[in-house]
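Form predicted alone, single chain, as structure tokens, below.
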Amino acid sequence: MTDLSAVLARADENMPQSLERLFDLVRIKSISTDPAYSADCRKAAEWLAAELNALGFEASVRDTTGHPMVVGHHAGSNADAPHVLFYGHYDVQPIDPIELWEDDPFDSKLKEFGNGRKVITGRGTADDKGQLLTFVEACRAYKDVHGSLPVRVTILFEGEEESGSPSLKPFLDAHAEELKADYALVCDTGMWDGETPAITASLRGLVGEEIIVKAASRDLHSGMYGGAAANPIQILSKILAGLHDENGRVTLEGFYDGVEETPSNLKASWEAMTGGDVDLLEEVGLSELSGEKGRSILELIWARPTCEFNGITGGYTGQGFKTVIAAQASAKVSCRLVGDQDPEKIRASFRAYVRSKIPADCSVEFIEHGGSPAIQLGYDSPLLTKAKTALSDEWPKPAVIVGVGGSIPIVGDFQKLLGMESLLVGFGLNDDRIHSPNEKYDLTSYHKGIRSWARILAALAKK
């Protein structure tokens, strides 16, 4: 039996106790957004610190201005192996509406889910207590067999992820040297399907802008001023319409600076993962792709930048009809960024374009609504390659490389504040009902998630 196979066998043997530990953690009502559960959040932090200490970590509960962090360190057995920072969060969403739950949300249990599937029920099982424990239990199996870990490990468990992480950035700033590692491991994502593991290699960035176009000093009667006075709604409509050309590309100067083409082999794998663009759109009642022409739906939402209109107001919007020329009109616009696009350059280009379309006797105001760059793990990264091989060895189907159309703030924080790339591997499924009543986590996700992390740790230890 090889070193790894012995660890995997131990993870299998430990499953009954591993399940009981997850049940115990889920029973702690660590709802971070409700002050009534502050004591429960601390209880969850203390529970995790105790578990880590029992495994030989030097772990402690660290106070913040909000709920506490848990930090643990383990030296590992190989000084030449990489140092990893594993992140997870122990806080959970509220359980409302309670009447829609089939079982007590904090009395976790194993349950049949149909077609022979077994699931672990309860709030936080998939988001994120079950996920974070897959890593802890993989460490346990290693410690049981070898007495140590194959790499140096730092663990950071947060208690405010579900309430905006207000304490996280200050904590990272204050403890940057302690927490800095070669790279971060994040287990708060999901699988492509029940048999296909996934690694998230890209997250799109964001630029948010609100524009307010002003013309006359007051609303005007359209019969008395129509055709003569500037109409902010018309001006705004022309501005928005001009942001895309006939092929769906964004027209802002320099918008595509830093955007590279997706590797052809990756595009081919994405196209093979779906039943077709129309199939995915039909789920939301649509039948035709929008955006850039000649791109598949997964490339559009994972690897291409966008400029979307999220809200527009102006004039009379109440019941009935009012013949008025509004004094002002406004729109909220967001750009999703990829590659090396610079959020501030995109913002400056957007504002310059808008100003160029404003008549001389009108004005425009801008309100900034955040900005962050995209996150991209190199498709040829050794980290990604090792993890992909490890996952493919565990699951029925080979691991796939995916993107996320939105952002995961912690990944940006790790890159910006600690200078670390993040490997995002999770075992959640689309039907886990996170944030909703009857949240669950598949028993297979938990069991093979533990085995998967054991394989990844072994792979990372190899040169």
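This one's a predicted model, so the numbers in the text were calculated from it and none came from an experiment. Each residue number is its position in the shown sequence, starting from 1.
This next part talks about the form predicted together with a further copy of the same chain, which is not shown.
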Among 290-298, 174-182, 158-166, 126-134, mark the stretch whose residues have heavy atoms within 4.5 Å of a further copy of the same chain in the predicted bound form. 290-298
Does each of A241, Q319 and T323 have at least one heavy atom within 4.5 Å of a further copy of the same chain in the predicted bound form? yes
Answer key: of G76, G371, G258, G315, within 4.5 Å of a further copy of the same chain in the predicted bound form (heavy atoms) is G315
Only hit among A229, A268, L110, A352 for heavy atom within 4.5 Å of a further copy of the same chain in the predicted bound form is A229
Is E209 close to a further copy of the same chain in the predicted bound form, meaning a heavy atom pair under 4.5 Å apart or at it? yes
Any chance K388 has a heavy atom within 4.5 Å of a further copy of the same chain in the predicted bound form? no
Is the gap between V284 and a further copy of the same chain in the predicted bound form 4.5 Å or less for some heavy atom pair? yes
Heavy atom of P170 within 4.5 Å of a further copy of the same chain in the predicted bound form: no
Sequence-ordered list of residues in 203-233 near a further copy of the same chain in the predicted bound form, where near means a heavy atom within 4.5 Å: R204, L206, G208, E209, E210, A215, A216, S217, R218, L220, H221, S222, G223, M224, Y225, G226, G227, A228, A229, A230, N231, I233
